[in-house]
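Coming up is one lone chain in structure tokens, specifically the form predicted on its own.
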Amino acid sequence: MKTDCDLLIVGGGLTGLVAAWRAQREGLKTVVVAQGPGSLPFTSGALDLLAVYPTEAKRYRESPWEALSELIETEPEHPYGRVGLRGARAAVEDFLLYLEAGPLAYYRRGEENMAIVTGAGTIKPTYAVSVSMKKNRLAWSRRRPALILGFEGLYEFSPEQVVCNLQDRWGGLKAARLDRSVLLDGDRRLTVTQLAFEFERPEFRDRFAGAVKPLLGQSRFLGLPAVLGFDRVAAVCRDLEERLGVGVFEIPLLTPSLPGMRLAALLKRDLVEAGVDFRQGAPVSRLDEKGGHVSAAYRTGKSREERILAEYVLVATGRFFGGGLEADRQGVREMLLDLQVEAPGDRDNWHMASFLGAPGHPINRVGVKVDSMLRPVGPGGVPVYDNVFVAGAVLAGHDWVREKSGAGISVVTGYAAVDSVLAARARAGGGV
């Protein structure tokens, strides 16, 4: 098989999906190749921008934009520094307007960070969440009486753990569990996806409301694990609030994470409907490269090989979890094009003696070094390819876990990489 495209995006995580969304809107014929479902199913679905900076001081920032401005000035080689404040603002604003108008109805608190309760009973700072978690923020900020409800047999969530970890700071918080026999027949193990299917059915919500009302007491809010349906979660939340007369909110779980799965499904569906060629399964196995120019990529399946001719290539493969980087005794390698990776040369310097010490383990900041257009560079900072760009977690110079900046880096650099493609194409006379 042979396919031609303007832009080939390698990677189906948030970075690749945002870049495809941006490219399609700009009229680029785009192909996305993803080996697996990406990292979104393992995330909270919340959009972190920047909540902790400087990371050495573990300083929580109410204003992510103020923190981002400081970061850009202090760390110009950070992914945010490469893009700049104006580019970051434009990308985040554009993408959030899309999410806010969609079925997940994302919510943000002006230009400030917010805090939400997690399934571990911790408080997570973030910038925007789906509407199903809007009252998670409200409940925590007001500390009104609330019921945290779990389900017997759903091992991914413990309401007792949430309450135990927060009760010193949240008076009136209580935990309860519903026995599955009250709601469901059979004795199969209860799962997150099974409950999500059930919550989309009005008759199930009717039985659920009847079982929960006696447990509420003086509670003004009801917190549930993130199981309230798939693409209809906003309607499910509204319906439960009308039935119960309290504010209802979801609490994100570690994995499987339905909020992350919902976001991935929304983006993929909209991209495919808009004409983006999305291919999941066989990864890119090799590329045609000559004289600093990549002309084609190959995917090898069980019975055939597919050749994708591409004018430009975007590498959005993630770090170690996504398979973009691999570490062994010799060092850290970028797996697609063997791009130069910025990392401590001596393995003894990858980590610190203190597991949670500041400023964080150096291995957490490794990645591909790029120029201001997000082109991968070699020795001396010279771009090694004229038509390859890099975006997302695989970039060097950031510690997204400590910074609470993962989704923001994905959105901002995915958006900026496509802007660089457009600029390069215009210089080459290709237009859009």
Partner chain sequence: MRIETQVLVIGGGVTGAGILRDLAMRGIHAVLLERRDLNAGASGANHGLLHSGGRYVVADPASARECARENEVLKRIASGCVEDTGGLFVALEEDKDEYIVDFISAAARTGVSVEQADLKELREEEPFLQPRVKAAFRVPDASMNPFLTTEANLEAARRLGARVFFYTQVTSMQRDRKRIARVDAIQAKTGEAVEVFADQVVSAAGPWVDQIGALAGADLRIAYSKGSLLITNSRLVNRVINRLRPPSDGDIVVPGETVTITGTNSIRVEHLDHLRTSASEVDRLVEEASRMVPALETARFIRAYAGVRPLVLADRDEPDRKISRAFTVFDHEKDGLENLVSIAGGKLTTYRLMAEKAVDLVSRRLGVDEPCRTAEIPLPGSGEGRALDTSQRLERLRVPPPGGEVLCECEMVGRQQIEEIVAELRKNGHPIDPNAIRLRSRLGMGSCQGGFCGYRTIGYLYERGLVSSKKGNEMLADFLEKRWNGIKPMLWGEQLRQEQLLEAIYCGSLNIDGSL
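Numbering follows the first chain given and starts at 1. Rigid core: the largest C-alpha set superposing within 1.5 Å between the two forms. Every value quoted in this text rests on a predicted model; they were computed, and no experiment measured them.
As for the form predicted in complex with the partner chain, it is not shown, yet the points below apply to it.
Asks: So in the predicted complex, is the partner chain close enough to residue 304 to count as touching (4.5 Å, heavy atoms)?
Replies: Because no heavy atom of residue 304 falls inside 4.5 Å of the partner chain in the predicted complex, the answer is no.
Asks: Can you work out whether residue 363 and the partner chain are in contact in the predicted complex, taking contact to mean some heavy atom pair no more than 4.5 Å apart?
Replies: Contact with the partner chain, yes.
Asks: Is residue 145 a contact residue for the partner chain in the predicted complex, using a 4.5 Å heavy atom cut-off?
Replies: Residue 145: no, not in contact with the partner chain in the predicted complex.
Asks: Using heavy atoms and a 4.5 Å limit, would one call residue 385 a contact residue for the partner chain in the predicted complex?
Replies: No, residue 385 stays farther than 4.5 Å from the partner chain in the predicted complex.
Asks: Based on heavy atom distances of 4.5 Å or less, which listed stretch (319-327, 211-219, 274-282, 91-99) is in contact with the partner chain in the predicted complex?
Replies: Correct option: 319-327.
Asks: Could you tell me if all three of 258, 261 and 333 have a heavy atom no more than 4.5 Å from the partner chain in the predicted complex?
Replies: No residue of the spot touches the partner chain in the predicted complex.
Asks: Can you work out which of 243, 108, 78, 177 has a heavy atom no more than 4.5 Å from the partner chain in the predicted complex?
Replies: Going through each option in turn, the one that passes is 177.
Asks: Report the residue, out of 288, 160, 206, 112, that has at least one non-hydrogen atom within 4.5 angstroms of the partner chain in the predicted complex.
Replies: Contact check passes for 160.
Asks: In the predicted complex, which residues of 339-363 put a heavy atom within 4.5 Å of the partner chain?
Replies: Going through 339-363 in order - heavy atoms within 4.5 Å of the partner chain in the predicted complex - the hits are 347, 348, 350, 351, 352, 353, 354, 355, 356, 357, 361, 363.
Asks: Examine residue 357 after superposing the rigid core and state whether its CA is displaced by 2 Å or more between the shown form and the other one.
Replies: Yes: residue 357 shifts by at least 2 Å between the shown form and the other one.
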